[in-house]
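Structure 1 and structure 2, given next as structure tokens, are two forms of the same protein chain, each shown alone.
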Structure 1
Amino acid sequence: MRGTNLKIALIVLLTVGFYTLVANVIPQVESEVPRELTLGPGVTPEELVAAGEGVYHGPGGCEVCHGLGTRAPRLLTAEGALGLIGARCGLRVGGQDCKAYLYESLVKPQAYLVAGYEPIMPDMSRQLSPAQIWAVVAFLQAQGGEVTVTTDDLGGALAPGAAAGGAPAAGAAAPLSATMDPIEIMRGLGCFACHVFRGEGGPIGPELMKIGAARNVEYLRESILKPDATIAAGFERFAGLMPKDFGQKMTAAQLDTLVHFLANQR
């Protein structure tokens, strides 16, 4: 009897040890999926710029294309002799000042294309709120230029009665969210900057509407955690663009929810 009990205890310990190892391998870091950006009536240019920086590096997914300078113009470094984006934005389209040009570039990206680049940018109003868009405009203006975005531009995007200092940047500095809604997880991670889903997003990566018909759970999980492991046919020119830190931006439960949601899109 004693020998049997020892065997059972050993099996239990090995089982617990195995699942503990598995749990440590799966990402467990708290989610950085951002909440809605809230700007108070007294928001300052500095707060707008800080909020816009969070959106740019976070849910906007702007770095995916604009950080390389090969598929879209560089925005945070000089481009040729034209200088930073805040200095050159007012020179792109005749009769359009910097603020108008940047705003149109975000919500009507096909209206004007910089020579040498493809029309791959999506309408950002489909994934960003008006407050987020104007915050990004302010952030880009600040790169070598003057910030002219005001509360008049924000208009209905302002939260009545919100404190002037209460403008959390949507990005790494934003309060953490525990959302388990796969659509919100994708929006928060900026997936729609490159992937089309239900008419939302851009054509840089594979469309997600029927991704589950061709890809299983294991493939999808690896594609999220190790995006360069396998490049989908036809998208080789975009290799290296997908962020490699999604495993640190979701809890294991969020990752599992997202993977199974995509696997069921058929």
Structure 2
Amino acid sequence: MRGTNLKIALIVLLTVGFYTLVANVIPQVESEVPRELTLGPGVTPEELVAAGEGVYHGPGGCEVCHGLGTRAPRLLTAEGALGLIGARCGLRVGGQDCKAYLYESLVKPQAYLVAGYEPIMPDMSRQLSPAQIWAVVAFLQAQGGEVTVTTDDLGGALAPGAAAGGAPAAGAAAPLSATMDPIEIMRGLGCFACHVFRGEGGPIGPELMKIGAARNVEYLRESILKPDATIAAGFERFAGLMPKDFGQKMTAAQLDTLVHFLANQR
């Protein structure tokens, strides 16, 4: 009796163990939860395109049909003489520009059906946020066309905190990320609180729009590291206001990037 029970237990354990082993040696793929997309008001077209690419290949799951299959038009390769999606999107529906057409295709996919395909596309607004949808539109426009999605389109889709504060409140204390984008660096350091640059910022320090025309690399580097070494004409009353610890807040590479970037602003 005990022998029988043992044999049965062994059979059961071996079978269950075998299945568990098989399921564990094959490639392990986890379905990640898509990240919420938070876009500030100063979002650049490139950021939008990058975010859209992430959505396209990730939570949007677009490529499963629009990739190499025959279920839906291919978006990232040319379709005959019409070219890539960014080039052909404006030609699909008369009177509808590229942006409007792409947006409608995402949220009302059955409104216009490309000839030769079944109406199988789901309404993407059910699973993507408005910001994600606009990011996908921007990404698709970038495929052979001009990105025309702007912050106006995003409207309510912007992250509330970012929309109110402009520059992230991180400003002073929080450590700066390792970004090499000079705009990001400046935003992270809070430069636009005092300096005007492309319509952003305040009039406490010199404008930076054409700073490279008047100042060279050495001057700019010194001004950032030792703000009080030379005070620009007309700003004497604000002398001493600029923080003196920017040298500790960014890496040498970031400083170098920033200095060269500013020197190129002519």
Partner chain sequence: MPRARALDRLVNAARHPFGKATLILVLCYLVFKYGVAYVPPLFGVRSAPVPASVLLQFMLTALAGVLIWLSEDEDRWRSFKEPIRAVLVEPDKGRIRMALLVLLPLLVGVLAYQQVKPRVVAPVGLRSIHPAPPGQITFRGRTMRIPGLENPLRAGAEGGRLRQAYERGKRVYVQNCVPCHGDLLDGFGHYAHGFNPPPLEFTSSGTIAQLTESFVFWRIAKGGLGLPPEGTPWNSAMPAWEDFLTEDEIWAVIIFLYEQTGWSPRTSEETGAAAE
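Since this is a predicted model, take the numbers as computed values, not measurements. Note that the rigid core is defined as the largest set of C-alphas that superpose within 1.5 Å between two forms. Start at 1 and count along the sequence of structure 1; that gives the residue numbers used here.
Of the two copies shown, the first one, structure 1, is the form predicted alone. After superposition on the rigid core, the Cα atom of His57 is displaced by less than 2 Å between structure 1 and structure 2.
Relative to the superposed core, Phe261 has its Cα moved 52.9 Å between structure 1 and structure 2.
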